[in-house]
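This document opens with one chain alone, in structure tokens, the form predicted on its own.
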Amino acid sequence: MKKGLNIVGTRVPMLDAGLKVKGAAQFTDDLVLPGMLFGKILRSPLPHARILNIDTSRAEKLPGVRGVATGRDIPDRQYGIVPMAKDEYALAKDKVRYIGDDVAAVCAIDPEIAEEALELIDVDYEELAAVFDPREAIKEGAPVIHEGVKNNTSFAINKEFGDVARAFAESDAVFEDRFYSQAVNHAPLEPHAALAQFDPLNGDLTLWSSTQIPFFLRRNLSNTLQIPESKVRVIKPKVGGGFGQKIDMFAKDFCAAWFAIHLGKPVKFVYEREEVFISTRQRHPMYITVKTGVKKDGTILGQQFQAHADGGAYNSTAPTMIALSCFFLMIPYHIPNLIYEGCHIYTNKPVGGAMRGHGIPQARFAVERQLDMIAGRMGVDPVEIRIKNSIHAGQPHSAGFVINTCGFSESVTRAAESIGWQEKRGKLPLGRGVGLAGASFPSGVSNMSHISSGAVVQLGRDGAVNVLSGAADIGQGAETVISQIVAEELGVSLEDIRITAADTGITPLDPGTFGSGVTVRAGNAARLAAMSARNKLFEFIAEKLEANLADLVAENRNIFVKGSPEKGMTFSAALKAYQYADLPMPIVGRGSWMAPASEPTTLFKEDGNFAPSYSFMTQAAEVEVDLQTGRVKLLKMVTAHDCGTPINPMLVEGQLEGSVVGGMGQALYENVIVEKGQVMNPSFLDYGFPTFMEMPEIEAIEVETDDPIGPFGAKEAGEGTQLSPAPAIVNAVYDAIGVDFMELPITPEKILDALEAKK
């Protein structure tokens, strides 16, 4: 904990932990309204087809059915989470583009009748040729998935920093390797859900949704329903995990609202688990080629990177994903010369979207794997090659990043020490090995305008503090962190704070949970609002105490003169005096914060600082490979993470531990298996991810730096730690059995085949 702080830096449980433990927390599906109807979505059975006709007459006649809607009934308005990438209708208009595409919706008096009604809808399709491999989709003559999109390439970035040709010419060695990172599903415990209610008297629509981005969702609903944004209120109840999958608007949101408006009844949609796997979002599969030039001592001179991202049938976050994948090759290592060629390609498969790290895990797998391979080829220690090429705070950056604080090299050293690198690397028995990998992530992004966070802090007469924040807590503890920040500024206890968040009807504007920017954006806004409220009270108390405003301190529910704690009063006494002076109560402070940004978005074409601050991390793994079965057991994972100064160390550790599990899944287990467009394993039973039984020993190391931009020196501690577990594990497998794996996941079958080939 920083010196002089009382609440910030303490290990306190999440504010809603008790509710969740007791089962009393309310998620969207827990909400019930009088007269509520239930909705279901009819989905395409074909990967690519033209819709010739939809006959809903039999479904409409089924007793208990209250409404049926198709693409022909809804406004001709496309939507998307990224404004420049809108390509999706809430219900398909002209054709379907993947198995699971939204075709029609019904609502009925109970879910069973709604499900039965789906079977009574007759759809005539003209089946079209489909394409499932992005490398085939970009070829001339490939099926056209979206008209007017050349070679099915919806977005592409071609960037060059420095002079790569000269760098390669000056290199002692140039290596080129190819990698593949698979499709991974987010698998949140809570399926996607939405509940809508409409007031016909004033035209107000209220939607409760398991969403990460209430204000963006409000905008998309306004656009697609063609009603004013001021008439749409989005409320986020508790959310049982999102991981990026709940950033987009889905048919369940639109259809719940559409039926509520047209029927005058509340309507709820809840996706089945199969729908979550097939019809929401997944991490983009990516084919990657990396060409790297190095000196004999391992110094990186230049790099060329080509990426083909399989986007599936629609864009979702395509431009942002490609941009992140590009720019974060420039960090945590100093890459003076880089060529990036990346493209997002349509295929007739489930849609790719934001998932923890958002395009960077795939790139980091390729880079960190190749870095280990280069170290071996050049006879350089993998730890030393990372430290040698580490970026440093204040160092000029090829892409224009401003690195205020950087603990990367320290994270490499501490992770290596903790895993026992010197004693174990290359020295353990066959089947045992250690490996590591590094990464960096933004604390929010600066490449988009209009993503400010706001907060309001109200001080009541009894000392209670009411906080309004637009931030979306999806289980990571955002409301707890914001409350700790406010409590610290006001000098009150955490128990004095009541926070209301993520309700577009009453809370200030906020972009939502993405890009690991909540603590920095919403935390800074809340801190400014708390300071504003505190200073109003201080101005009054300074006169009472005959003290200078700058000398007042708020601490432990007291306000006193710095250095003279006896000269002061309790917080509640100060508020009472304020009220009895006939000054307006409650005392209200407002704050708003956003990272400096260009208008409009420019980093797709120009260089510049991508984020207000950057976190850095290294993860080290120890594995045991069963030479008879090919099974990999992760024995230990160490995460050394520079997240600035932690607001709540316990929540940071929880994020680090969760990332280990996510990285294990990416490396060893998880893979959305698709055959001819059909997802073959859309369930928890068949998908295959690590459980508690596979959990390794986990060690979290906080590499503290004091960031000048984040609240109380904090940086991100969420998505970044998802970037390097997979390559660390695969690097450890190489140390264990001497086999390089270039694609994920590394299943027992692949290991046994590799061991047989090695013989």
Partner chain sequence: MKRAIELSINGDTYDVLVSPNNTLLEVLRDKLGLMGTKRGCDLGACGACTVLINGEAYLSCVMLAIDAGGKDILTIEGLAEGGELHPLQSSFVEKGGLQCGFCTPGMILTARAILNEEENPTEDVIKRKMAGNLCRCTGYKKVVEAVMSANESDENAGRPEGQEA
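Residue numbers count along the first chain shown, from 1. Given the structure is predicted, the values throughout are model-derived calculations rather than measurements.
There is also a form predicted together with the partner chain; it is not shown, and the following applies to it.
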Inset, instruction - Flag this candidate site as yes only if 474, 655 and 691 all have a heavy atom within 4.5 Å of the partner chain in the model of the complex; otherwise mark no. - result: yes
Legend entry - Interface membership of residue 683, the partner chain in the model of the complex, 4.5 Å heavy atom rule: yes
Inset, instruction - With heavy atoms only and a cut-off of 4.5 Å, decide whether residue 139 touches the partner chain in the model of the complex. - result: no
Inset, instruction - Mark residue 27 yes when one of its heavy atoms lies within 4.5 Å of a heavy atom of the partner chain in the model of the complex, and no otherwise. - result: yes
Inset, instruction - Decide whether residue 14 counts as a contact residue for the partner chain in the model of the complex under a heavy atom distance cut-off of 4.5 Å. - result: yes
Inset, instruction - Have a look at 198-206, 408-416, 646-654, 144-152 and name the one stretch with heavy atoms inside 4.5 Å of the partner chain in the model of the complex. - result: 646-654
Inset, instruction - Have a look at 593, 243, 571, 560 for me and say which one sits with a heavy atom within 4.5 Å of the partner chain in the model of the complex. - result: 243
Inset, instruction - Could you tell me which one of 213, 385, 492, 239 places a heavy atom within 4.5 Å of the partner chain in the model of the complex? - result: 239
Legend entry - Residues in 109-123 close to the partner chain in the model of the complex, defined by a heavy atom within 4.5 Å, in order: 112
